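Read the single chain below, which is given as structure tokens and is the form predicted on its own.
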């Protein structure tokens, strides 16, 4: 009996030692779990929401549908020149997209993806980031590059894969941009691979004393990509290592043909942020000022805390997923037309500018006329431009010295060019599309 009493006394002492002597703990009658602030309760309580009252996560908005400031909303810091630059970049995107979409239909390029309906998300976020923040895009982020000064010539060169393509030297599909100068990492086709890569980039920034506390890695992805395992790997890495990584989820309603209602049962992508212990915001992706303000604050938190921050931008993809898609096979055409008319991000922002006397109809016509001419000029310049030299296909495949298997493939092509290059018409016509017409490979004595 004595031994049992001593054992019970020892257990009670051990239990008391686990309870943290804080005011928060003393307010809880049963204390907290060891190494946790989770209070102990005898009542069973299932939860299925990140909000206390079970409602959905709210969406942050600054402007209403007609460009008026919402009651209680604060305008982000911007002057007239900056506000006009945002608008001009937003208007430029659909002009480029419409032309290149038609060019693909004519068979002049192999593929294209538009940002129709997501202009506010693209330009608003680009304007909120520092120009030397690292961007890892998915494939609708051309607007962020144009904002930084990438230029229409570089866009056209990459889409046509000609010898002025500095992004991928003609080795990638259209809209798979990259630019070391503008801190834009090469886009790759596999879904969500850029998300864990971004967490790694953010960690590299954190380890660099010249960039720590100054920059972040911003990664863009669709809500469909958030269903991939790479999304969770990236979020976990950025929250636990941690690293200053800004996750920007473009929730445009469709993962190719799958509507958002069939992609997840929970409250969108924003609900996943608290699960990884990171600050999270849901923003109206059709309100460029809400995006600007939200991303600015998210970036500040990201850099100051040195860990991941998640922003979910809610929008609607009014274009097809890509030129390989017919979206009217899975959604009504009238639904798309209604969204274009009722909740157009460009029209909403234009009304805001006009109300402040920062824009008018005359400037609108002049802008569209100028942008169309600029886009057509760049298109005509690059449409017939020759591709890179044939030997370029073997360069930059690996870093450092060219490995034996690439050298072997190069020699095999050289032998085929000698045998068929001048005599077989399909090869003759194809070689004329390349700068040097393959002669530089035949004359190469490096092997």
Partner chain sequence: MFAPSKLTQASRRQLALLQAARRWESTSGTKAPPAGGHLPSIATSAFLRQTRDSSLRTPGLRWADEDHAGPPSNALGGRETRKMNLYQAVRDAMSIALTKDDSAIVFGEDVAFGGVFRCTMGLAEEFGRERVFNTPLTEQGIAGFGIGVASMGQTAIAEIQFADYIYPAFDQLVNEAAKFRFRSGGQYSAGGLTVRCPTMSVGHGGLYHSQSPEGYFMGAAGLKLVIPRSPIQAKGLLLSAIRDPNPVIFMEPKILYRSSVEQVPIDDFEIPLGRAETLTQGSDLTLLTWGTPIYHCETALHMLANPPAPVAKHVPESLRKAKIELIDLRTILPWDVETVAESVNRTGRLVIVHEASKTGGVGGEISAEIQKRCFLKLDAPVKRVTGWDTPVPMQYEKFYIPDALRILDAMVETLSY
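Residue numbers count along the first chain shown, from 1. Predicted model, so just to flag it, every value in this text is computed and none were measured.
What comes next is about the form predicted in complex with the partner chain, which is not displayed.
Looking in the predicted complex, is the partner chain within 4.5 angstroms of a heavy atom from every one of 252, 266 and 281? Spot residues vs the partner chain: no contact at all.
If the cut-off is 4.5 angstroms on heavy atoms, which of these, 111, 276, 203, 358, is the one near the partner chain in the predicted complex? Among 111, 276, 203, 358, a heavy atom within 4.5 Å of the partner chain in the predicted complex occurs only for 203.
Name the residue from 183, 320, 163, 296 that puts a heavy atom within 4.5 Å of the partner chain in the predicted complex. By the 4.5 Å heavy-atom cutoff, the listed residue in contact is 183.
For residue 408, is any heavy atom within 4.5 Å of the partner chain in the predicted complex, or not? Because a heavy atom of residue 408 falls inside 4.5 Å of the partner chain in the predicted complex, the answer is yes.
Given that the partner chain is not shown alongside this chain, does residue 134 nevertheless sit within 4.5 Å of it in the predicted complex, heavy atom to heavy atom? Judged by the heavy-atom cut-off of 4.5 Å, residue 134 is in contact with the partner chain in the predicted complex.
Quick one: is residue 383 in contact with the partner chain in the predicted complex, heavy atoms, 4.5 Å cut-off? Although the partner chain is absent here, residue 383 would stay clear of it in the predicted complex, with no heavy atoms inside 4.5 Å.
Is the gap between residue 393 and the partner chain in the predicted complex 4.5 Å or less for some heavy atom pair? Contact with the partner chain, yes.
Going by heavy atoms within 4.5 Å, which of 97 to 105, 332 to 340, 204 to 212, 284 to 292 lines up against the partner chain in the predicted complex? Correct option: 204 to 212.
Only counting heavy atoms and a 4.5 Å limit, does any residue of 217 to 238 reach the partner chain in the predicted complex, and if so which ones? Going through 217 to 238 in order - heavy atoms within 4.5 Å of the partner chain in the predicted complex - the hits are 229, 230, 233, 236, 237.
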